[in-house]
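Consider the single chain below, provided in C-alpha cells and representing the form predicted on its own.
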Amino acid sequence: MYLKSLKAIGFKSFADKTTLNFEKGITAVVGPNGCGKSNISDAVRWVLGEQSAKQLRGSEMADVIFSGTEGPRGRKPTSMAEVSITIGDMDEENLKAAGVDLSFSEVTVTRRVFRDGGSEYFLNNVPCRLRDVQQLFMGTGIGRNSYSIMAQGQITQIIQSRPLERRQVFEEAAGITKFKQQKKEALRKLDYTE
C-alpha cells in the first residue's frame, strides 16, 4: 500500500484546490522555509484523524482552515478545510478486517472541518466515523501516530521516549496493534455481558 495522492482545499496555506500525486517508493518534498512542506505532512496526519491542534502546530482545530492574507492582493478566509488522501494497492484482507467488505484496490479518505467546529469523515465518498478510519489503518504503519509519518522533532522524541512508548512504535511496525485493539474490544464486550 502506498500514498497515491493528496488533495487539499482551504487547509492551512493551501487556499486553492491543490493536488499532489505520489509514485511508489520514496518521495522527498523539498523547498525553502515557509513554503508549506510541513503542511503536507500535517494534512496527512490530520486526514488520518489527528485530534490535537498542538500536534498540527496550532492552538485550536479551526487553525487548520485557511485564514486569509492581507495586502493589495489579499485573500479572504475560507469557511472550511478539506483534505483527501488516496491510498493505492490496498490489501483486501485489511479492508475486510476494518469492516469495509468491498473489493477496492484504492481507498480515498476525506476529512472536512468547518469554522463552527463541525467535522466530517468519508471513506470513498461515503460518510463514516473517525473510528472507521482508524480501524482501516490500524496495524498498517499508516495512521496519525504511526512510524510512517515523521514530523519535525519526532525522531528525537522517539529516541528520548520511555521504553513503553517506544514499544508502541515497534508494535505498530510489527502490525499487531489491530489485534490488541480487537482483544481489548472483545474483553470490554465480555465484561458488559457479565
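Quick caveat, the model's predicted, so the values are computed rather than measured. Take the two forms, superpose them, and find the largest set of C-alpha atoms that agree within 1.5 Å; that set is the rigid core. Numbering starts at 1 and runs along the sequence shown.
Quick note: we don't show the form predicted together with ligand ATP, though the next part is all about it.
Checking Ser38, Gln168, Ser161, Gln134 against ligand ATP in the predicted bound form, a heavy atom within 4.5 Å turns up for just one residue: Ser38. In the predicted bound form, Val44 stays away from ligand ATP, with no heavy atom inside 4.5 Å.
Heavy atoms of Lys178 never reach within 4.5 Å of ligand ATP in the predicted bound form, leaving it off the interface.
Ligand ATP is not drawn, but in the predicted bound form it has no heavy atom within 4.5 Å of Gln182. Contact check for Ile65: a heavy atom falls within 4.5 Å of ligand ATP in the predicted bound form. Although ligand ATP is not shown here, in the predicted bound form the stretch 9-23 places heavy atoms of Lys12, Ser13 within 4.5 Å of it, in sequence order.
With the core held fixed, Gly68 shows a CA shift below 2 Å between the shown form and the other one. Once both forms are fitted on their rigid core, the CA atom of Pro127 lies less than 2 Å apart between the shown form and the other one.
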